[in-house]
Structures are given as structure tokens and as C-alpha cells.
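Only one chain comes next, encoded as C-alpha cells, the form predicted on its own.
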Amino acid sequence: MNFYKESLRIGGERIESDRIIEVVNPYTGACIGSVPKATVDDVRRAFEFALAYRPRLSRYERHRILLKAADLVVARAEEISDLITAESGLCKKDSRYEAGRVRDVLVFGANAALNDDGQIFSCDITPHGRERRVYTQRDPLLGIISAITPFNHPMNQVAHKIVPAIATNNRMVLKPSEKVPLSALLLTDILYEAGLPPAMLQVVTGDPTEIADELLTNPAVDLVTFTGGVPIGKHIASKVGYRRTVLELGGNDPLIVMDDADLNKAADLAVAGSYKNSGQRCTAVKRILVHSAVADPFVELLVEKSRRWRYGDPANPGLDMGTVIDEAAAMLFESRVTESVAQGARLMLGNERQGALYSPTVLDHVRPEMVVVREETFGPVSPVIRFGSVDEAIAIVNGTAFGLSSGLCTNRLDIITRFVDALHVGSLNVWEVPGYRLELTPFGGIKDSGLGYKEGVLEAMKSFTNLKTYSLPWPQQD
């Protein structure tokens, strides 16, 4: 892996800085690059530069920039994959998949930029109506979008902030996670190469304890969009004041396996949902609720399939899983699993750790009050909770502070509709993992998982605009 030494990018110019943050490969511990450690003044200059520029790109120009960027992502997919793997520890299968998802976000955004987002209302539809028509249009924000992204999905999380902003002719200042900033900078370079004016997207890298408040309270900021943990999300909500916020926070997503389920298929979903991306997804399977009538054979299948999940050096293209983001995260998972075993859960497989490498882990007879399932365990752990009735399963699912997504394995329509109506979540996928979605479709949660606003390309574009209405006389034809 080449050594990446990045400089500050303010106003489209690269500015060298003596203050740096080293980016470390979680598997080898080697420094793979460095990024600038921006100051508060650096962040202020980025906002000033963005505010002085007024985007005038036509829909077609936005469309072409995003499509060209998508083509560049496809052409450089292996380079992107290598970089994601090096800085995040995700295995090559996962990082290649992520590069494909980034391409999808760009294409969906390009196509959405062409759509006329206005509506027309005739006003002569009531006894008190007039001969007029009301029109709507969506305008870019007057100020700047401030975006903060997490370490998981180092480029795709960034794409979900940037692409809707470009598609709606907005300006953005982005701070990626200091653990995985290089992927964000590479995507930014690709967009610049595709023709994006630098003032529409600037990236500031740095220590969040030093610069985060400026990203939240700078007078130029109209909207803050954040993906990450609940405590930080709630801090942002308390800090931003009279500004719009879009918060996509944590999850504690269940996969529910009913007694009529195809257990082999359900176990495949449980394994993929628990271990893809090293379990580091807000929509990963964090709890597996299994009907007690089929729990024993299901757990046998789950252990068997988990044992086949190959993990190790993330750069090995033959493996299914790499590391988690760092050793501290792996140690947290290890301690939570150990605690749950001490409280009566049964360790069926795993709980082995070597640095940031943590094995696929299966727990059985987990109780809902155990921390491993009450809190978000953001790693490759498969905790099985047994239940006896639909009512009990609903109570368990709704019994945490989170409400993001869920998966359900059953063929009975009456049970499906019951869960759809009763679960306090943002989405439910039948015979799929909780995380299933297109980059286009609405995505988001309630309770501690978010404020009910949705992301996904189309919903983010709505959030990033001001809706304006205007009316005109419209006389009836003689």
C-alpha cells in the first residue's frame, strides 16, 4: 500500500500543514497515510469560501458530473477497494461491494437531478376556489450543509451525504471520520475530476473534539447531517440551535425466526446479517429472535454456518471477514460476550480476539436485559434470544431504545402484517436481512435511531431543499 499524505483542501487549493493525523491499518498496525489536523480557523475559511459561491449548475450539468464520477468509480474500483480495506480493515469482498454501492448512489443521484420536483394544484376545486393554479419548486438551501460521517462504510456513507447535495445544487463542508478519512478524500478528488466546482464540496479532516462545534454552530450552516452513534447525535441535537438536523444514529436490529420458517435459509440470513462488514453496520443483525419450537435446530445451523465464515487478513480476497475498526472495539465485544456468559448465556462459538481481529461469535440463551443485546454491539456477534409467542417477540423487539430496522422469517401473511403494524422500527424486511435496501429508497429510524427523517438519495434531496410555492392566474377557457 502506498503512503498517502494528504493536504488541506480549502477553496479548492491544497494547503500543507504540520499538524497531522496518522491513518493506521487495523490489521497490521502500520501507518498507511496521514491527513491534516484542521484548526477551527481552517473550518471557518472553508465555510466562508463556500458561502461566497452560488451554484448555478443546470440539472443536466449536475447529471453529467455525477454520471462521470460514477464511471470513474467503476474504472478505479480496485483502487477504491484497496484503500477502504487498508484504512478500515474491511475484507476485500466487502470493500469491492462498497465501491459498487458508491457507483449506485452516484447514478441514482444523477438520474434524480433530472427529475422535475414541482407539483401543480388547480384552485377551482372548492366552492370558494379561484381561477388560479399553485405551483411548487424545491430550491437549494441559502446556507451550507455541514456533514459528519462515521468509520463504517468509509466511502458509501460519504456518498450518501455528498450526492444528494450535488443533485440539489447545494454546497457542503464534510468532516469524515478521523479513522477513515482517505476514502472520503479520494471520492472528493473523483468528483473534482468529473467537473464539480470545489466550492460545492470541501473536506476538513481533524480531531472532532477540536473542530466539531464549529461544524455545528458556524453562522453559515443551514443544515447538519450526521451518521453515527447515539450520544454524539444527541449532543448535536442539543448544540445546533435553530437549524435543521438529519440524524441517522445507531440500531439494535432483530432478525425474527418464526416456527414455520425454512431454518436453513433463515440461518444463512442470520450469518450474512451478523458478519458482513465485520458486523459494523447500523442495520446489521444485532439480535436473533427464534421461536422456541425451532430454536435448537436453528442454533445448530447457525453455529455450523458461522464456523465456515473465514476471517483474517482483510487483504486476502478469499476471506469473508476482516477486522473491526480497532483493538478497542474488539475488546468491547469480547467483554460484553464474556459478561453475558457469566450471566447465563451459552457461548456456542467464537469470542476469540487478536488485536482488532475478532472472530464470528454465537451466543445462545441470551436474555433481553443483557447488555450485549440491550445496547448496540457493533461487531460480528450473533446473540440468540428464544421466545414463545408473537406477542413476546414484539415486546422484545420494542423493548430497547432503538428503532431502526428488522428482518422477519415467516411465510404467514397474518404474522407479517402483525409485525408490520406492531414493531417500532423504520423498516421491516421479510425474508431478508434488516439492512436490505436500495441506495435510492427511504432509510432511517425512530426513537434513539433517528428523528424519523429518512435518508436514501430521494429523501435526502428533499431534506436538502426549501420548498417554495407560487401561484398564477389561470382563467377558464371560453
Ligand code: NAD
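Residue numbers run from 1 along the displayed sequence. As the structure is a prediction and not an experimental result, all values here were calculated from the model.
This protein has a second form, the form predicted together with the ligand, left out of what is shown; the following refers to that one.
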property: Partner contact for Arg367 in the predicted bound form: the ligand, 4.5 angstroms, heavy atom; result: no
property: Contact flag, Glu178 vs the ligand in the predicted bound form, heavy atom cut 4.5 Å; result: yes
property: The ligand contact in the predicted bound form: Glu98, any heavy atom under 4.5 Å; result: no
property: Heavy atom of Gly273 within 4.5 Å of the ligand in the predicted bound form; result: no
property: Partner-facing stretch of 345-353, 134-142, 148-156, 367-375, counted where any non-hydrogen atom is within 4.5 angstroms of the ligand in the predicted bound form; result: 148-156
property: Single option in Leu216, Leu269, Val341, Ile394 placed near the ligand in the predicted bound form, where near means a heavy atom within 4.5 Å; result: Leu216
property: In the predicted bound form, the residue from Leu83, Ala165, Ala330, Leu249 that sits within 4.5 Å of the ligand by heavy atoms; result: Leu249
property: The ligand in the predicted bound form reached by all of Thr227, Ile236 and Phe443, non-hydrogen atom within 4.5 Å; result: yes
property: In the predicted bound form, residues of 254-292 near the ligand [heavy atom within 4.5 Å]; result: Cys282
